[in-house]
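Below, in structure tokens: the form predicted alone, a single chain.
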């Protein structure tokens, strides 16, 4: 078996697994090979290194190890409330051990007057501590020889029912490590290990599963986290390098249209952030290399006008531009905003979506092929075969997380000679660490200030008991000519229940405001009914819009100044922030009211407090990442980048920054990794398949 054939061996060939267990591991944990198993790392460790005294117990302790004598045991209660209670005494105090299940079996095992080692989670009730369903072992002299950290592996209910619990996985890991020890090869150069004081790979793998002590565990975690993030950054930076030298971009250096627009048509002065971003983009567009830039800016920060300015640079150089949005509503809105600017500059512009009439399509296609049509705004319809440009110079993609990489590259291939420059825009603030990983192959520009005259939205938190006060505020806002959004959460698993919440809410609003015209929008409605209701609200025919989260993107009603979010505790932070951004689009003071139940979990409370404290989307995104981890942030699942084994982008930002700096330094000195010092890195990359996202894996 070749050196890395070992880790490709099917997991069923490991002693103790066999075909049936292997099928379960495949299905439940995606563990197919020895390599997959050895990289199924523990997610926490139980501390068996110390014995606590009963007297020292407190509520904060997760799990404790005790030793003492069972002084007596007794059965309490009857029927399904029956439980077995044994009293453990260690000379400093007494703790109750309680079993609700398997009483008969435990009763015969637990003997009075015998010394035991007990492990479990202490719970305080009144002033007494008890440990439900503890692990129990008769005390033996070996227990005094120093304990160990017991790994805990993630498993599923199905595995537990088939006796493949965390302990069983731990046994399989022990078995595997006895054979794998000598097959684990180093992937990082010695000089780098010395510089960063990192342990070697073999040591790290052994100690991540069976650490001798806390220090060995920390060393193992540091090594594996660094390696994982280093190889991901290396891959992204290499991709960026290849693009830079391989893909030529059309050179645009005629700024006359741009100057004309600045001098005659600019509707309002640009912010410093907008000016800085335009400079960065212009530098890319005249560099001769294909631009791949991500433009981040909070809702309302003025990304659209920046996009238009970039279009002028391309059109000034004789090319065409395309802007692709994920939904029809969003495409129509971009078209509306950009048409006003384009018409003033006498630039032909068109809209192409799924509902564009056949006759209109024909003229759009002709205008594109002849080059007469300069700007095309649309949805996925832009990707269709028949959409052929005369010379596409700039492709702008809005809300990138809704489009896959394959769709992006379809847009690139619309040009036969050079690749169009690509600008990706998003209003979802992405934390730095995530942007480095998700979009590490793109250059990033950030618009981090709001246009002048925009007042920050005031956010308050109210409980359901404040309902009358909130209704009075709504009435006062409507009387001064404003409009109101009231949003209800959508939880996928129970559409019926959601609709009921929404309809109940709608009815109580009708009762509270019998004289006010209302709109209602939810996911069960037909698209045309939705459009009709949204249009009525936009025109001001209705004063209150009751909706589920369908209004998250797209509706722009400058006169709407109040956003009320019901059951706000059920929303994620980034979603709350997106919803809040629907108001505050006019010059009036806007408000966001977060309504919740009085009972809130610690995480929910932190989310609500963050919203009340700050309007800064990036700060909000950072907190969101720490609370929820990256998996939930928009669109990260399908990107595959976050296929992380051990690193955590919410907690390991310093490791990530260091990994990126080192990867960049190595590639600057040795772009093809040909120097002897980088041999191990190159060998690791060669071992990985070209499609792999995470190059740190054992293969």
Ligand code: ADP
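Residue numbers count along the first chain shown, from 1. If you're wondering where the values come from, they're calculated on a predicted model, not measured in any experiment.
As for the form predicted in complex with the ligand, it is not shown, yet the points below apply to it.
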**Item:** Complete contact of 271, 299 and 454 with the ligand in the predicted complex (any heavy atom, 4.5 Å)
**Value:** yes
**Message:** Just to confirm, with a 4.5 Å cut-off on non-hydrogen atoms, which of 614, 218, 556, 92 contacts the ligand in the predicted complex?
**Reply:** 556
**Message:** Which residue, 501, 225, 585, 293, is the contact with the ligand in the predicted complex, using a 4.5 Å heavy atom cutoff?
**Reply:** 585
**Asked** So which stretch, 459-467, 108-116, 446-454, 180-188, is the one near the ligand in the predicted complex (non-hydrogen atoms, 4.5 Å)?
**Response** 446-454
**Message:** in the predicted complex, is there a heavy atom of the ligand that lies within 4.5 Å of any heavy atom of residue 303, even though the partner is absent here?
**Reply:** yes
